[in-house]
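What follows is a single chain, given as structure tokens, in the form predicted alone.
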């Protein structure tokens, strides 16, 4: 079969972000190879034209070596994602997010893929003083195991890029929100909307700390722009999000209460998460012409609509299906 576009290989393609990215690129007539070990016991993606799904752990290097092809575009989303899950499974996390990811990168370099996109995180910035905006040149100050692993991979890619003439793009994603077929309700915006909608008691910690947010559909759009636009050099790093979507938790609650009123919310004067950073996303706008479309308010409204339609009726009984809470055994 002759294809005008290179294969798009999404490693971690059945996750919260990966399912949205897969659907986006299928709509753009790409042939998508989705690789995922379904570590959170999520469902396999439904069968679709131009989609090949491989239920495969990234520790299976020989099998990965057969799937990853020369000139393919590889989007590396795989790993244990988020601070709580990596803290809970610290040894497994380091093995997956560093050892195995490094091996996958080595395969991509050896195969001379067309473009390798590594999804990193804005959590790398950790904490900043005086609400100063940070950009790609700012000092990294990781507070979590998750961010520390991401930074180690970033450094590894930068080092390897000096001797390999392939395109490497690092995308530091803001905190995700919005609907996905593999839904997560352990993310700030999604979680707050769910708890308030269900009239549950909601305790909000670290109310004044800043964090950037980005809709999952905008992540897909950002990857598409990174692939489509000629970049200045073979190695690039971009923050992915919107300056308008820098929010404190208190401001998110205020946004939600425009649509759902609740007297069951308490703001707790206790520090449980010291991360506090506002991020500047102007580089991606300037160099790649990418501006996110979806606001936090948009995400709030779409989740409320989905809850009203009973899309998540079994939420209370099957909490683990809707977040990165527990994992099944892995190699």
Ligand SMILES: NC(=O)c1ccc[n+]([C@@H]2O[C@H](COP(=O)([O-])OP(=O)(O)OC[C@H]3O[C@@H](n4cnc5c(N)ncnc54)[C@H](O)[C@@H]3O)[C@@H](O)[C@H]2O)c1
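Positions refer to the first chain, counted from 1. Keep in mind the model is a prediction, meaning the values are calculated, not measured.
Not pictured, yet referred to below: the form predicted in complex with the named molecule.
Engineer: Decide yes or no: are 136, 243 and 292 jointly within 4.5 Å of the named molecule in the predicted complex, with each residue judged by its heavy atoms?
Structural biologist: No: none of 136, 243 and 292 comes within 4.5 Å of the named molecule in the predicted complex.
Engineer: Check whether residue 78 has any heavy atom within 4.5 Å of a heavy atom of the named molecule in the predicted complex, and answer yes or no.
Structural biologist: So residue 78 counts as contacting the named molecule.
Engineer: Is residue 40 part of the interface with the named molecule in the predicted complex - any heavy atom within 4.5 Å?
Structural biologist: Answer yes; at least one heavy atom of residue 40 falls within 4.5 Å of the named molecule in the predicted complex.
Engineer: At the 4.5 Å heavy atom threshold, is residue 9 in contact with the named molecule in the predicted complex?
Structural biologist: No.
Engineer: Are any of the heavy atoms in residue 166 no more than 4.5 Å from a heavy atom of the named molecule in the predicted complex?
Structural biologist: No, residue 166 sits far enough from the named molecule in the predicted complex that none of its heavy atoms falls within 4.5 Å.
Engineer: 185, 224, 247, 146: which sits within 4.5 Å of the named molecule in the predicted complex by any heavy atom?
Structural biologist: Contact residue from the list: 146.
Engineer: Let me know the one among 157, 108, 96, 193 whose heavy atoms come within 4.5 Å of the named molecule in the predicted complex, would you?
Structural biologist: For this set of options, the contacting one is 96.
Engineer: Counting any heavy atom within 4.5 Å as contact, can you tell me which stretch out of 299-307, 264-272, 284-292, 54-62 lines the named molecule in the predicted complex?
Structural biologist: Careful reading of the contacts points to 54-62.
Engineer: At 4.5 Å, heavy atom to heavy atom, what parts of 104-128 sit next to the named molecule in the predicted complex? List them in sequence order, or say none.
Structural biologist: The stretch 104-128, when checked against the named molecule in the predicted complex, contributes 119, 120, 121 at the 4.5 Å heavy-atom cut-off.
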